[in-house]
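One chain is shown next in structure tokens, namely the form predicted alone.
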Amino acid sequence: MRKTIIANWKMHYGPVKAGAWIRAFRRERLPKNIDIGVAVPFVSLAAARSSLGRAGVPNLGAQDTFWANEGAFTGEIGPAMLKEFALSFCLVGHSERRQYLGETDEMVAKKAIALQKSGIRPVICVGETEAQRKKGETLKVVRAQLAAVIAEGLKIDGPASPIIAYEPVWAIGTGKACSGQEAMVVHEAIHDALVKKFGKEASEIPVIYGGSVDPRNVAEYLSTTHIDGVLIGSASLDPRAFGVLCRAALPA
């Protein structure tokens, strides 16, 4: 399975800076055996797409969506709108949206299914808080978050097949990265849950890790069994530094 690296700019970079980032990153020397994507804010999608031109790297993605394509949902952006930017993927269920905007497992599930129906690959984020981890509830929480999406009708085949991103909330932006071995246990549980539901073909669904990943530890994650890629936050904001991270991911 090819490894996956996704940059998540979060609430950074309007159209001008987004276009400049894309143009700078396109000059980076990148590994050919890694799928690289960048999730940009809604307002910067047009600029990022224009700066990409016909380039195939990085893949362009959004950071969220609504579960309806249109309607009386002021301020929301639906999958049909996102599809006009020829997106490859879209994040759903990021812990910051769960924490600050009250997104529930059910809401995340509806968004993921709506994306698949529009032909956009959902990157479904799951993960436990520090309090849940201390109580020994990590696997219980992750399995429940995943089960909600499966119950809604998740599909695992076709161009909109999902990516699952395990991002322990306590490790995001804190510098307290989850160890490769600790992450492996959770990734294995996710793979097992998917195979139990969908059969052996589900073993090809990428499960990636996010949480304080940087050039110093990225190779450890990508060399650990069951970890198929990484989701990068602040370490992706500088295009040259992100290029360094991509090259460090799979050292020659």
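Model, not experiment: these values are computed from the prediction. We number the residues from 1 along the sequence you see.
Below, we refer to the form predicted in complex with a small molecule, which is not included among the displayed structures.
Choose from 206-214, 60-68, 26-34, 187-195 the stretch whose residues reach within 4.5 Å of the small molecule in the predicted complex, heavy atoms counted.
Result for this chain: 206-214.
Counting non-hydrogen atoms within 4.5 angstroms of the small molecule in the predicted complex, say which of I172, L154, V142, L82 makes the cut.
By the 4.5 Å heavy-atom cutoff, the listed residue in contact is I172.
Given that the partner is absent here, does E128 sit within 4.5 Å of the small molecule in the predicted complex, heavy atoms only?
No - in the predicted complex, heavy atoms of E128 and the small molecule never come within 4.5 Å of each other.
Might D105 be said to contact the small molecule in the predicted complex, defining contact as any heavy atom within 4.5 Å?
The answer is no: D105 has no heavy atom within 4.5 Å of the small molecule.
Although the small molecule is absent from this view, report whether H94 comes within 4.5 Å of it in the predicted complex, heavy atoms only.
Flag for H94 set to yes.
Are any of the heavy atoms in K10 no more than 4.5 Å from a heavy atom of the small molecule in the predicted complex?
Close contact exists here: in the predicted complex, K10 approaches the small molecule to within 4.5 Å, heavy atoms only.
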